[in-house]
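Next up: just one chain, as structure tokens, the form predicted alone.
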Amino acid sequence: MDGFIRLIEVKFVPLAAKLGAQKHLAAIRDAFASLMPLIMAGAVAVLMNNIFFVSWGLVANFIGAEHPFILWTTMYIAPIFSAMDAGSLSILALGLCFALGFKRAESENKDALSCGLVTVGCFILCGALSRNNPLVASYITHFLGAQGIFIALVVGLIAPEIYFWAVNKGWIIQMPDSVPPAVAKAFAGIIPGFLTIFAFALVYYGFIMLTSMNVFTWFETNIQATLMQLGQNIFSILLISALIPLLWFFGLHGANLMEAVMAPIYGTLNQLNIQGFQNGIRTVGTGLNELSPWVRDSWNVYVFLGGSGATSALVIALLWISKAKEDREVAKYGLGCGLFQVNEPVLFGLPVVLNAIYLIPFVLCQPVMTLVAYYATLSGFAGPIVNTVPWTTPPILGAYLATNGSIGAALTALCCLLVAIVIYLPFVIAANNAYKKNQ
């Protein structure tokens, strides 16, 4: 075991650290994080509607869709929350594009605001305002939301590079020192901004001439559907589920490092599920116009129970059978935090990080829980994720709310927690025996 840990420390950890610090991946991670106000505003609006105010909501399932309360809220309350979608979830790709341009410019000490705005201009130029797909999500008429996230990533990474290239060449308009800084920055960005937008205009024109489609339509028709289906491959999902705790074991924030992969694919699927459910789609599967069985929030409600590595299960196992006073004290403090999906007290206080005893269960739990939840959803036992709930929502309740009141989902989350406890128990017993020997 010690040799295995040393091997990973020498070969794997430095590579993971370099990838985590890579400027483009860091920009993607930070850009998605900056979207949280938009995501949560839209998510709370959708959640409120789906629970209380619409005829297909959770309350309506109990009191009936024709109940006077539901009829009144459908007429007067639900439209208010529905309108919030236009300013939140429906413009995620637009916001991501700006955030990427802004974050990249910040990291290069360039004018972040100008770079962000120019990046948005390039995104819109590629055809973001016009979508007409009668086969898939025909109710969405633009690419400003989830459908445009992949192109937003591409534009958000390439456009700033062109902008920086022009600035570094010195192709800027210099203003006298007497000119206010904001005005000087605006003039300095004119030539780099023109060249960047012109470059994307050439790309747009080339796509139109060669394919008779704009960039977004071509990508959606030829690539995006394939990427989404690959994202539902169970082996891809299991790999991510295993890598997150493995990185955490060596003190690296696994969820943050993997977010650059998870957010573009599974975050997009998350939003598509929400929009599809709002428009009457109920079938779960990996085909067209179906709700995906695994999305970004699937990890939050089924796998990260108490945080990465399902450490709530470890806390329960420690409180149940551990005789080590120090471990029980850490578990007591970790219990309250774990209820809201925060597990740093356990990771660094027990510790789990670089603790060879807990390496196997810490890494093994997540893939096993993922298998249980994935097939429970695919089989129809657990409802699909159709709401976004805050990641701090307590375990089991999060699964219930995210699936719009699926009892099967709550039972699946409970089953995942029990499975994790069973996986941790033998290793807690081993740690307990080691503690006794040292007394």
Partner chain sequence: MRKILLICSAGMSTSLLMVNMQKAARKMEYETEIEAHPISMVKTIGAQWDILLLGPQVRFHLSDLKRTFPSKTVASISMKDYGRMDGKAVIEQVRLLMQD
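Keep in mind that what you see is a predicted model, and the values were worked out from it rather than measured. Numbering follows the first chain given and starts at 1.
Form predicted in complex with its partner chain: not shown, discussed below.
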Looking at I124, V154, L335, V353, which has any heavy atom no more than 4.5 Å from its partner chain in the predicted complex? V353
In the predicted complex, the one of A33, L58, A41, M48 near its partner chain [non-hydrogen atom within 4.5 angstroms]: A33
In the predicted complex, do F98, G189 and G193 all reach within 4.5 Å of its partner chain through at least one heavy atom apiece? no
Can you tell me whether F69 touches its partner chain? I mean in the predicted complex, with a 4.5 angstroms heavy atom cut-off. no
If you check in the predicted complex, is W391 within 4.5 Å of its partner chain, heavy atoms only? yes
In the predicted complex, is there a heavy atom of its partner chain that lies within 4.5 Å of any heavy atom of A21, even though the partner is absent here? yes
Heavy atom of L238 within 4.5 Å of its partner chain in the predicted complex: no
Testing 298-306, 315-323, 255-263, 87-95 against its partner chain in the predicted complex with a 4.5 Å heavy atom criterion leaves exactly one stretch, namely 255-263
If we check its partner chain in the predicted complex, which of the residues in 339-353 reach within 4.5 angstroms of it by a non-hydrogen atom? V342, E344, P345, F348, G349, V353
